[in-house]
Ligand SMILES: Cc1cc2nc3c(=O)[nH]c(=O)nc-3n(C[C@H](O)[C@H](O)[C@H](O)COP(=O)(O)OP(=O)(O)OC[C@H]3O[C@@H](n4cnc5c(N)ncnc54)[C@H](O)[C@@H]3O)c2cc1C
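Next up: just one chain, as structure tokens, the form predicted on its own.
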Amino acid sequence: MENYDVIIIGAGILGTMTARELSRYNLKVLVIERAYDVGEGATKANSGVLYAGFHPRSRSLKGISCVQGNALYSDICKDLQVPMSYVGSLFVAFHQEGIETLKEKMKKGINNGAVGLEIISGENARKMEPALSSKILQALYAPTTGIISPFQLILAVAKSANLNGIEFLFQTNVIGLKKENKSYIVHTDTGEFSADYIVNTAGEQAAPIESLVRPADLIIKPRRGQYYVFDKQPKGYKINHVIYQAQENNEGGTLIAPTIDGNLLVGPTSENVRSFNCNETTKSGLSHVEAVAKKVLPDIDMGRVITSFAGVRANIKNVAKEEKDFVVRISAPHFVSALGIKNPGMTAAPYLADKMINLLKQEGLSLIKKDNFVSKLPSNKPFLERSQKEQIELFKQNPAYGNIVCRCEKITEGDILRVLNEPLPPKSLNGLKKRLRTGMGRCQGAFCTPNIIEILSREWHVSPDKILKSTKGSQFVKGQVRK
């Protein structure tokens, strides 16, 4: 049984962010993840918005971590070559009650430390976004709202952690945990591991895992959000800001956001569901998203929708809404947990990771900095996004860069071969999709999927019917018709 200084349970954005920060020190760290890849829980179904901090309750951990985490992303993305942009946001109001909501949001934002907040007229909001409804009376402008790719972010953070010595173990379920002398024995379905310290960032499973070391006091239930994804935005009709609205009736927190890759994202809904596996979209849910989108942007073209998806987040149920907050705490000696981390969890992750490491230090973890920590990653741009000089050099190294596989996202065979040989490579079609956006474009994989299966079959030395979409049992190919 191998012993580690720290075992992190869960490889979502908070788990991987904590792992990267721990990789700065002389520590032996293992990240255990039950899914086949990083970021397969709430992180995968994230809106990609870096929130400004005017939504959470004043001076709450959620609010402070949102503002502070947002400010840290500029340097993180610069080091890790992750594209992001502070595009700003407009929180719009259609009526007097909504205007009062804007004032409340502005007050919350200021108390949380958000900067540059300004309430503007509906006319000025339409100057910034001409497609906005003529019925909008006022808007709260927040310049620090940003957009980022959740996929590129978590992969870069995990890759950086791995390059700096952090081990990752996927498709492994934690089934038990006990304290033995000064260490914890972590029982999994692939073996036992020992660690002096535990970090519990298991998302939907964080509360059950914490209950192994202390009495449960939080009830955490699944809450689903459904989204529409639109094709790349045309030049004549382009939304440049993230747009929210002061809710009426039961409209939920539906937003409209440009993505860093050029698409438009609309959603989510906010629905209680039976389990964390209820990640399907529904007719009623998507109808709701469409109705809110048309209210804010009357001329939005629903014919440009290319796909839809849903994500499920962990929602604390037994705490009053006005008192609800992120929970980051010492669960037991040498054991730190994060519970109820939902929006703006991705934005808050850098701050929360620092908080968790400070709690570990408080519990006695020795933090001696490495001399050889590598903070920066090289560029991971696809071949066709690179300079002509770079393209010529790459093509000389491997002519496969000249073979376009995914036409929508402009991905070549050379790009695929590159990521297959990088740290933490994909193990399935969805893993490749997460790394290169293959299959995410207008045709949703109709053109490229057969070619990708052929490439993966060749490179992994397996038959096409062994290539998985995601996890066990998700083969695309049933078998051969003829040989």
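Keep in mind that what you see is a predicted model, and the values were worked out from it rather than measured. Quick note: we count residues from 1 along the sequence shown, nothing fancier.
There is also a form predicted together with this ligand; it is not shown, and the following applies to it.
Student: Looking at 296-304, 90-98, 155-163, 221-229, which lies within 4.5 angstroms of this ligand in the predicted bound form, counting heavy atoms?
Tutor: Result of the contact check: 221-229.
Student: May I ask you to choose, among 441, 48, 431, 414, the residue with a heavy atom within 4.5 Å of this ligand in the predicted bound form?
Tutor: By the 4.5 Å heavy-atom cutoff, the listed residue in contact is 48.
Student: Using a 4.5 Å heavy atom cut-off, which residue among 342, 241, 105, 355 comes into contact with this ligand in the predicted bound form?
Tutor: That would be 342.
Student: Can you work out whether this ligand is within 4.5 angstroms of a heavy atom in all three of 83, 259 and 410 in the predicted bound form?
Tutor: No residue of the spot touches this ligand in the predicted bound form.
Student: I'd like to check something about residue 268: if you look in the predicted bound form, is any of its heavy atoms closer than or equal to 4.5 Å to a heavy atom of this ligand?
Tutor: Flag for residue 268 set to yes.
Student: Is residue 52 one of the residues lying within 4.5 Å of this ligand in the predicted bound form, judged by heavy atom distances?
Tutor: Residue 52: no, not in contact with this ligand in the predicted bound form.
Student: Spell out, yes or no, whether the shortest heavy atom distance between residue 34 and this ligand in the predicted bound form is within 4.5 Å.
Tutor: Result yes; residue 34 sits at the interface with this ligand in the predicted bound form.
Student: In the predicted bound form, does residue 69 have a heavy atom within 4.5 Å of this ligand?
Tutor: Residue 69: no, not in contact with this ligand in the predicted bound form.
Student: Could you pull out the residues of 1-24 that have any heavy atom within 4.5 Å of this ligand in the predicted bound form?
Tutor: Result: 9, 10, 11, 12, 13, 14, 15.
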